[in-house]
Structure formats: C-alpha cells, structure tokens
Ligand SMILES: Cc1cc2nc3c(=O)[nH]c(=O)nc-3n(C[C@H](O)[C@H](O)[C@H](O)COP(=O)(O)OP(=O)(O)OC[C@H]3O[C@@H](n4cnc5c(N)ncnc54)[C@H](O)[C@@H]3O)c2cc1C
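This document starts with one chain, in the form predicted on its own, laid out as structure tokens.
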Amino acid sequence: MKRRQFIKTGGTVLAGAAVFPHISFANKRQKNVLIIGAGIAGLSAAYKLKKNDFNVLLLESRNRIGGRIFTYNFNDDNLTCELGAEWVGASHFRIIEMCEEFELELLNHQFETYSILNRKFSEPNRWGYSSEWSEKYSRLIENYNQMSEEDKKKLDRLDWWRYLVNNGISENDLEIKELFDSTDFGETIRQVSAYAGIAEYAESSPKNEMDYHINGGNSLLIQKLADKVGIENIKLKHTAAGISQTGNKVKVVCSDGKIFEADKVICTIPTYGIQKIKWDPDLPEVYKQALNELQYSRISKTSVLFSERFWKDESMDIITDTLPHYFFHSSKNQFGKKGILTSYAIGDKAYVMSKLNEQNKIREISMALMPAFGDVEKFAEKVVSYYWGSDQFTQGAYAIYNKNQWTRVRDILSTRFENIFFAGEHLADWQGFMEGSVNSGEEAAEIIINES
C-alpha cells in the first residue's frame, strides 16, 4: 500500500523525559530501529531489518511474545489448541515460505461443515444455500474481478448485509450467510463493508484460507522468529507510554520511565494501544479520528478437552445458531484417544460466553452439541478459553472494517508519521490473518531499508 507522509507539525521532547535513565543501542554506527510490539508483525519486521544489518530492539507490553498468536498446550495429553490466530491459508505464501525456512511442518486443517440449526443436525451436503442463491452468488463473485476502483469505492459505502439483501438473497439463505460470514469477520455482517465482504471471498482459496496449521502450534513460528532476532533484543513488560520526535531521532518513554532512542520506529500494535500513547508532536486530527472509528471484533475461543473423540469425523466442523456459534476439531492430525473441540463465538455471543464460569461453559457447549451427539458433558475433562474482546492490550481479536472505512480509514492509518511507520493486521490486504501481519511488518521494514 502506498504510504503518504504527514506534514511535520513540530514539537519538543516529552516534558520530564530527561529525568529518566537513557538507554540507547549498543552500536551507534549502524541504523537503529525500535519496534513497538513483539507479535508476528513486529518480529517479522525485526527479522527483515536484522538480515539487512540494522540494530533492532522490540518493546512488548505483555509478559510473553506472540501477541494474538497464543498456543495452549494440554501438557499431560500432548495436545495443543490455538486461543488466538488459527489458520494458514493456501494463498498465504509468505507464511508458507517462513515455515519452509524454519523447517516447520504445515498440516491440513480443512474441515467439512455440519450444521445444527433450530436444533436439527445435518451432515455435509445435506443442508446449505438454495440453488437459486448459489448461482446468483457465484455471478456476484465472478463480477467482482471486473470491478473498477470506483465500483469498489461505491461498494465500500454499503454494508455487507445490505448488499446481499439488495441482490435478492432469501431470508433462509441470509440466516446461513450471517452465521458463516460473521464467523469470518467476528461481528454481524451488518457491521462489515460490502467491499470487505465480497473481497474476502472473491480473493481467497476455496476453503477461505482455512487450510493449514503449524504442527505443534502456531507459536512455534513466533519462537523461531524470536531466535533469529535474538531474545536479548526483546524487552517484555515494556509499554510505550510516550513517543517524541526531534530532528532525525525518535524517543520512546515506557511506563516504567525507561527511555529508548532510535532513528526509526515501527509501531505494530492495534489502534487501542496507539491511542494510549502520548505523542509529541501530536498525531494529526485525521489520524486520531480514524483511530476512533475503527472497531475490533469480539471473539471468544473456548476449547474443551474430551476423554474421547465422540464426533468420529476428524475433519468435522459445525456451524450452529447457538451461543457457542461455531465448532471445529482443534486436535485434527494430533495423535491420541482424547480430542479437543473449540467453540468460536463472535460479537454478543462471545461476550456472553466470556461471562460463564468453566462448568457453565462446558454445559453450554454440551447442550449445543446434543442434537448431533447426545449427552457429551460426561466426556469433558478440561476447558480453556480466552475472550479477546476484553484483552487489556487489544480490546478485540482483529480489526473489522465497517462501511466507508476500507478505502478511507485504512489508508489513513497506514500513513507514515515522520520517522514512525505503522504496521499490523489491521493495515494489511490479508487483514485478520497472520499472513497480513507478516506482510505489513515486512513492508514497513522494506521502506526503512530503501531509505537508508
């Protein structure tokens, strides 16, 4: 994406900064880049810069690296699930390249979808859209490739729900479309730009990029990147509280008072974290307005370890109209009698799920599965969950672009601010995916490399 530079507005060093101990990079003869956030965007940017002989230092607010990539290990059973980012898509070429480079195995993570709607259980190919809508939708997807930039901007002014209704979707088909697509976007399709909606499906693999998973957990990629960058170059529990620019230098003041200075900064954190930073000079008003506009999806992932895989089909996922919303087999391709089913709840459903205690989460999930498998609560051994809607650093799982935002808000938030660059999944073409985060981080790094 083209990055346009804001006009410099002037400013001074943050007031009181001089009273804190000053920390700089060890080798001042090399170009120094400070990266805010040690998720996959920040680590990918750091890796690319380090390969090009830059000094890099990452500041991470959490007590762990990885950000929204968060693998959970059921240690006694040697099974893993993802409480954060899940899928590597067939079109995610950069992630696939990284896995080859780091000798990480990608396993098939595709599913055949069952349904539980109105308490009726249906197997794959025995339920779905009407033939009339399937044909019409195929034409809409085909027509997308013929759209001009102006056509896409017009689409961006509508929400995805309205666009589908305007194109004659039936009530029954719309119910299914809402369930499926809200799973992808993390909120109701009434909150999704029509352009973001149609592009999601027209530009994706046949399984909508739900294709692969890293054997042993997606966090293994994070560990490999961190090893390449150097653990000594990552500072955990370092929250950026203030950023000032004077001349050709940028100073970052952390909440504990430590100060770091660099030539360039790449800020890879979500908009919620950006808003909590004190900027000097201040961010332009148009940028602050864009920060306020962009929302993030509320997603709750609840994984239940069952004593046996009563669902039998290793490639099973289920779309439902219940509170747990969508289920998939997290332990596919993981050896063992026991298995993990994960509930992926979105929006208001995710919020309600997050308020339940562990026993009630198991009960709610068991009740949702009852039309298909009967009483399965007796097989439940353990539950783990994470609600991204209340994460203290992100306040959401990934960005959701509403109408009139993809072609406007995203462009603003991608814009460079003097010696500060912005990156992250919310700014990527593969928005909401690990691939997008990697692409965005590496693009920012590439600009810095080319300017040096």
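So that there is no doubt, residue numbering starts at 1 and follows the sequence shown. Keep in mind that this is a model prediction, so the values were computed, not measured.
Heads up, the form predicted in complex with the named molecule isn't pictured, but that's what we're talking about next.
None of the heavy atoms of Thr415 is located within 4.5 Å of the named molecule in the predicted bound form. In the predicted bound form, Gly84 approaches the named molecule with a heavy atom inside 4.5 Å. Mapping the unseen interface onto this chain, Leu369 falls outside it, with no heavy atom inside 4.5 Å of the named molecule in the predicted bound form. Although the partner is absent from this view, Leu49 stays clear of the named molecule in the predicted bound form, with no non-hydrogen atom inside 4.5 angstroms. Contact with the named molecule in the predicted bound form holds for all three of Thr239, Pro270 and Ile299, each having a heavy atom within 4.5 Å. Checking 303-311, 149-157, 86-94, 110-118 against the named molecule in the predicted bound form, the stretch whose residues place heavy atoms within 4.5 Å of it is 86-94. Exactly one listed residue, out of Ala397, Ile400, Val409, Leu57, brings a non-hydrogen atom to within 4.5 Å of the named molecule in the predicted bound form: Ala397.
In sequence order, Ser61, Arg62, Gly66, Gly67, Arg68, Ile69, Leu83, Gly84, Ala85 are the residues of 61-85 having a heavy atom within 4.5 Å of the named molecule in the predicted bound form; the partner itself is omitted from this view.
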